[in-house]
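Next up: a single chain in structure tokens, the form predicted on its own.
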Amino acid sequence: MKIVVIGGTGLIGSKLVGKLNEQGHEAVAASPDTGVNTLTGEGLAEVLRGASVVVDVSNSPSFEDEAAMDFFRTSTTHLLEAEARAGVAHHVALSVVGTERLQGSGYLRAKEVQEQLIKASGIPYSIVHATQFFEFMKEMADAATEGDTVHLAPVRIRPVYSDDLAADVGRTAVGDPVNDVVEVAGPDEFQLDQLIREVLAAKKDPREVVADPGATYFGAELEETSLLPGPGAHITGTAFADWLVEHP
């Protein structure tokens, strides 16, 4: 089966391409680095020729509100139009647990637009909602830093290892379209401020982490369960503590 991975040279995409090829599929990494640009449409017709499945794990190069909206709206529109012409039978997209609840964030408003375009396209689809990656903890701390203090809401979170997530996205890609959202989360539940406190301590980062109920998450206000998946989520296997030991 030919599976085109949009964003296939990034963190999740490169892992996904490797896993799918190991399983005997023809997985093709598509990104500007390989001559495929979803913002302009360049290279889409060629790379989608003969593809059964497209997996979109691409991301906006900017988290700024307008830039993210332009990226997801334009790139998704071009991609879905090209898939319709190529006869692609399954569109898989990676998105974020809680997208529909976190619309105070411009980035997540853009992800919601992406999802709505997919649902309205007529192409059979599966949308994978993932919790935050282990590898993204430092960026979360940086985004919440004021001076030498990190302000984070004391809410619950179940981060996920990117390798485990790539495996789940791969299983979704080779399965039948669900025409719905599936959720993926890690095995351990933390309080967000405590999690980041542990990460910074492991990295010997001197910043102080403060539990601030008013702190936002990339612009969105949070309730206690805003970042958690529902009861039907697939729970992955790699524990955060084990990953942290191996990736200090």
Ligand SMILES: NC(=O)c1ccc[n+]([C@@H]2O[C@H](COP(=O)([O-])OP(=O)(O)OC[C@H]3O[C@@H](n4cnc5c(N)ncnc54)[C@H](OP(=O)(O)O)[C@@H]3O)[C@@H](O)[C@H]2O)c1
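Residues carry their position along the shown sequence, with the first being 1. Since the model is a prediction, treat every value here as computed from it, not as a measurement.
Heads up, the form predicted in complex with the named molecule isn't pictured, but that's what we're talking about next.
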Note: exactly one of L80, V150, A166, A130 sits with a heavy atom within 4.5 Å of the named molecule in the model of the complex, namely A130
Only hit among V53, V209, V36, L222 for heavy atom within 4.5 Å of the named molecule in the model of the complex is V36
- request: May I ask whether G10, Y107 and K111 each come within 4.5 Å of the named molecule in the model of the complex, counting any non-hydrogen atom?
  value: yes
(message) Considering non-hydrogen atoms and a 4.5 Å limit, does the named molecule approach F71 in the model of the complex?
(response) yes
Exercise. Applying a 4.5 Å heavy atom distance criterion, does L94 contact the named molecule in the model of the complex?
Worked result: yes
Note to self: P187 versus the named molecule, in the model of the complex: is there a non-hydrogen atom within 4.5 Å?
What the structure shows: no
- Any non-hydrogen atom of A27 within 4.5 angstroms of the named molecule in the model of the complex: no
Per contact check vs the named molecule in the model of the complex (non-hydrogen atom within 4.5 angstroms), the hit among 84-92, 118-126, 171-179, 131-139 is 131-139
Checked 47-75 against the named molecule in the model of the complex; residues with a heavy atom within 4.5 Å, sequence order, are V57, S58, N59, P61, F71, F72
